[in-house]
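Single chain ahead, written as structure tokens, the form predicted on its own.
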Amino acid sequence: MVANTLKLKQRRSRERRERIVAAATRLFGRRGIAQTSLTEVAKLAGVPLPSLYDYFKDKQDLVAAVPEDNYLALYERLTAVANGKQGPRQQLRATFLANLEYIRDNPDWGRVFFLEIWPSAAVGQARIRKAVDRYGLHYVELIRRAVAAGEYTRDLDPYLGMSLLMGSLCHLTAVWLLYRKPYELVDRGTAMFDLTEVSFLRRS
């Protein structure tokens, strides 16, 4: 009975924290980080303001939690997608497109990260940088495996390949958001990946 009560409290605590981060993602994305107060976040999340401080010590702490939590959700999606693919090339493509699908399905997150956090000094925060680095290194590892398998040219620098892919993803997303979704993001991303990957391929 005590164990069940503890589990229930832990679940409610986790759900409350998730509501707070979801509310912050929505408000930061639609209004901007500087223009959003913690009072507004607490109200949208449906929690008393003092309860918000049980989870986050200040606004900066909450800002860092937004990319952390969204990248964790993205990793879960990437794992599910990659498990159904054979070979590093297919996994790399699936990873790239799954990220765009996540942004398309969560445009508030896209606005927070690509229009608020990425262009600002906030991306230099250790927690945010760690989440970004982990994602980037996943690309590096898949590119290395594709090179080792003979699918990509041996002189391809995995870090340069990662930069090309992540740079194109950032650009596509920023334009998509700034110009109010002028194209289907995943379709454009598919064409971009295929065009970029041509330069990776092993030449016979």
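Think of the rigid core as the biggest set of C-alphas that the two forms share within 1.5 Å after superposition. Residue numbers here begin at 1 and follow the sequence given. Because the structure is predicted, anything quoted here is derived from the model rather than measured.
We do not show the form predicted in complex with another copy of the chain, though everything after this point is about it.
- With the partner omitted here, the stretch from 31-39, 66-74, 49-57, 141-149 that lies within 4.5 Å of another copy of the chain by heavy atoms in the predicted complex is 31-39.
- At a distance of at most 4.5 angstroms from another copy of the chain in the predicted complex, all three residues 111, 119 and 203 contribute at least one non-hydrogen atom.
- Proximity of residue 171 to another copy of the chain in the predicted complex falls within the 4.5 Å heavy atom cutoff.
- Taking non-hydrogen atoms only, residue 137 never approaches another copy of the chain to within 4.5 angstroms in the predicted complex.
- In the predicted complex, at least one heavy atom of residue 162 sits within 4.5 Å of a heavy atom of another copy of the chain.
- Proximity of residue 61 to another copy of the chain in the predicted complex falls outside the 4.5 Å heavy atom cutoff.
- Looking at 177-198, the residues that come within 4.5 Å of another copy of the chain in the predicted complex, counting any heavy atom, are 178, 179, 188, 191, 192, 195, 196, 198.
- Once you line up the core between the shown form and the other one, the Cα of residue 153 stays within less than 2 Å of where it was.
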